[in-house]
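Before any questions on how it binds or moves, here is one chain, the form predicted alone, in structure tokens.
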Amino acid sequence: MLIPIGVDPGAEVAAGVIGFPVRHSLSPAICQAAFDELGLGWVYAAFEVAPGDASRALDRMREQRMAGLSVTMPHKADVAAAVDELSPAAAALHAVNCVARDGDLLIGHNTDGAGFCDALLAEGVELAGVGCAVVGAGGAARAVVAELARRGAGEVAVIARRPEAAEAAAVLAGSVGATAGLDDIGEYRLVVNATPVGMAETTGAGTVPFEPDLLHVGQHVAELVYNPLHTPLLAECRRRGVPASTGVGMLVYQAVHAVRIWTGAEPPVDAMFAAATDQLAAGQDR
């Protein structure tokens, strides 16, 4: 069976997150806050699942009659191959970050791109008709590229070290997809850092993903890194008066979509944001 981390071993877990490693995940705090605010009496837990064991984890989900799972690295592609059905977004990306039960079926969803766009729209950032540059071509970048196109972005240019990876990601944006170079960043109104550069406890910690002098007033920068909450890139934006969004928005809103799918209820966004920021603040105080 799946062994929960951080909850009573005898608790009946309704939903959880699988990953490896997973102890750092903020999903338990965010989703438990939603369940508590909704008065569901549900328990959400983290499950450390070794690489290659995702299919067996889904078997345990079926046996334990869990309502849903969040999926993080390195299992997103394996889960996409193991569920019974895929949502259109998950099928296009060949990646699943949310599994929901529908009777006896397990349905795989990908809420990353929708979460990213909803977070920006909630801040009043315009997307329709806007030229966007996405730096990075990994799984998160691909989800963002596809969803920006679906939301009507004017152009979605992918910037990556490997040209073939940039081209493959740009295809997901259809007719508005393109590739570009780092020197082109100043031409786009929305600039997205979808790389791990700036993430705490990585080789890129303390650095920025591109030359910050390329930025200027009139642009908006969106960071996908959420730990630390205030990355080096965001500090450079503040110095230049360029408005920017932290990575917490995407983190919370992808969970908002998941909670809505699992429960059918409207998620308490404020409570979920508070849980995420409290956890990040606690971690950075240690």
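Just so it is clear, the model here is predicted, and its values are computed rather than measured. Residue numbers here begin at 1 and follow the sequence given.
Below, we refer to the form predicted together with a small molecule, which is not included among the displayed structures.
Visitor: Hey, with the small molecule in the predicted complex, do Arg161, Val197 and Val225 all fall inside the 4.5 Å heavy atom range?
Guide: Yes, all three are in contact.
Visitor: Looking at Ala90, Ala140, Ala146, Ala133, which is the one with a non-hydrogen atom within 4.5 Å of the small molecule in the predicted complex?
Guide: Residue within 4.5 Å of the partner: Ala140.
Visitor: If you check Leu251, Ala57, Ala45, Ile261 against the small molecule in the predicted complex, which one has a heavy atom within 4.5 Å?
Guide: Checking each option against the small molecule in the predicted complex, the one that comes within 4.5 Å is Leu251.
Visitor: Which of 230 to 238, 58 to 66, 243 to 251, 35 to 43 has heavy atoms within 4.5 Å of the small molecule in the predicted complex?
Guide: Flagged stretch: 243 to 251.
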